[in-house]
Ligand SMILES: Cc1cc2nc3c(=O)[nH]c(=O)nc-3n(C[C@H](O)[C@H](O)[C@H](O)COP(=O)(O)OP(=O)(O)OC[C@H]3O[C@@H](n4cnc5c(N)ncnc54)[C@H](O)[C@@H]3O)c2cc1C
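Before any questions on how it binds or moves, here is one chain, the form predicted on its own, in C-alpha cells.
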C-alpha cells in the first residue's frame, strides 16, 4: 500500500482535513500517517486565494444555529461538523497559527492581514510541520479512482490513477475536489465523476452565487454603481423552487450593476434559483425595490414637494439624494424627463414612472455567467449517502467526502468556506481515529 490516506484536492476542505488528521495523530501520540494530498493546480489553495476579492472572507460571526439555517433544507447535515469545529474554533485555530481575524459588515470574518495568502500559507505551513506529502501540478491530477476488489493486491483500499500515468494505492480516500465553480481554478466536476464511480448519487449541479445577464442594455451605463439594501423578487410562472439556502425570494441585500447585468449579494444569493428556472424558461423577470423603506405614497409626496419647493431644480439632481447619480440619470431618461426639464413641470405620468422604477424596477434575465464565474456549486453528492457524524460514505466504506462536492450551498458571506473547513476537519479527525482503531485491531 503506497499510502494510508490520499486526499484529492488541496483546497480549504482538503488542507484542513490533512491538518486535522495529523493533529489527531499527535494528540494520540501516534506516528504520522503515510498521507498524500494531491492538487491539480500548481499550488494548494488556489481557489481560497481569490475568495472575498483576495481578502478571504473565511467565515461568518453568526451562532451555530444561525450558520446552519443559512444552508436551509440541508443545513441539519452540518450540525455535527459545526459542533466539532465551529467559527470560533476556526478563528482560534488561525489565531494560534499567526493569522488573527476581525469582523466586518454582516458578520463577515477576514484575516487582519486582509490577504487570503496568509490563510493558505498557515494551512500549508502546518501541513509541512505534520509531514503531509503535498503533490501539486497537472501531473498530479487524478483521472480515475476505484475501489479495489477482493483478491486484488492492497485490497481493501482504493486505486488512484494520475494524469502522469502513475497509479497509487491507499487504504482510505478523501474527496475534497470541490464542485464546478470557478472552472479556471481547476474545479471541473471531477469529484462527481469519482463519487458516481463508487456508487454515489449526484444531485444536479448548478452555478450558484453567480452574476446574472439581463436584456436591458442601459445597465452598462451604470457599471460599477452599487445600491445598498435593496429587495429583489423573482417573477416566474407557477411556484418558485426553494433556494439552496432554504429561503424563498425576496432577497434583501446590496445590488451592483455590471457591464453585462446584475451582481452584488442581493442578486448572487438568489442566482441559484434563477439558474434552475432558466432550465425551464427562456427568460426570468426580476423586480427590484431600490428604496424598500419608502412607500409609493411617501415618494409621491416628496416629488410634489420638489414641484412646489424646488421647482427650478432638475429632477435628476433631486433624485440623486435617494440613489446614485448615474442611476438617477438613467431612470429620469427612461421616464421621459428631458435633460433641462425642471421639477416644476414634472407631469403626473413622469412622476408615476419614476416611482414605479424606484419601487419595482424590472429586469429580464436570460442567462447566468455560468460555472466559470460562479462562486460555488449547488447540488453535488447526495447527503443521504454520507454519514454527517464522520463524513464517511454510506455506500462505499473507506471513502470520505467533504467540502463543496457535497450537496450543500450557503449564501455569500463566509458560510461556504466555513462549510469546507468544518466538514474537512471532521473528516480528517475521523479518518485518523479509524486508522488508529484498525492498527490496534491488527
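Because the structure is a prediction, the values reported are computed rather than measured. Residue numbers count along the first chain shown, from 1.
There is another form of this protein, the form predicted together with the ligand, and it is not shown here; the text below is about that form.
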item: Contact flag, residue 41 vs the ligand in the predicted complex, heavy atom cut 4.5 Å; value: yes
item: 4.5 Å heavy atom contact, residue 190 to the ligand in the predicted complex; value: yes
item: Contact of residue 140 with the ligand in the predicted complex (heavy atom, 4.5 Å); value: yes
item: Close approach of residue 10 to the ligand in the predicted complex, 4.5 Å, heavy atom; value: yes
item: Joint contact, 50, 403 and 417 to the ligand in the predicted complex, by non-hydrogen atom at 4.5 Å; value: yes
item: One residue of 168, 185, 303, 290 in contact with the ligand, assessed in the predicted complex (non-hydrogen atom, 4.5 angstroms); value: 185
item: Partner-contacting position among 257, 158, 194, 85 - heavy atom within 4.5 Å of the ligand in the predicted complex; value: 194
item: Partner-proximal stretch of 176-184, 197-205, 224-232, 258-266 relative to the ligand in the predicted complex, 4.5 angstroms, heavy atom; value: 176-184
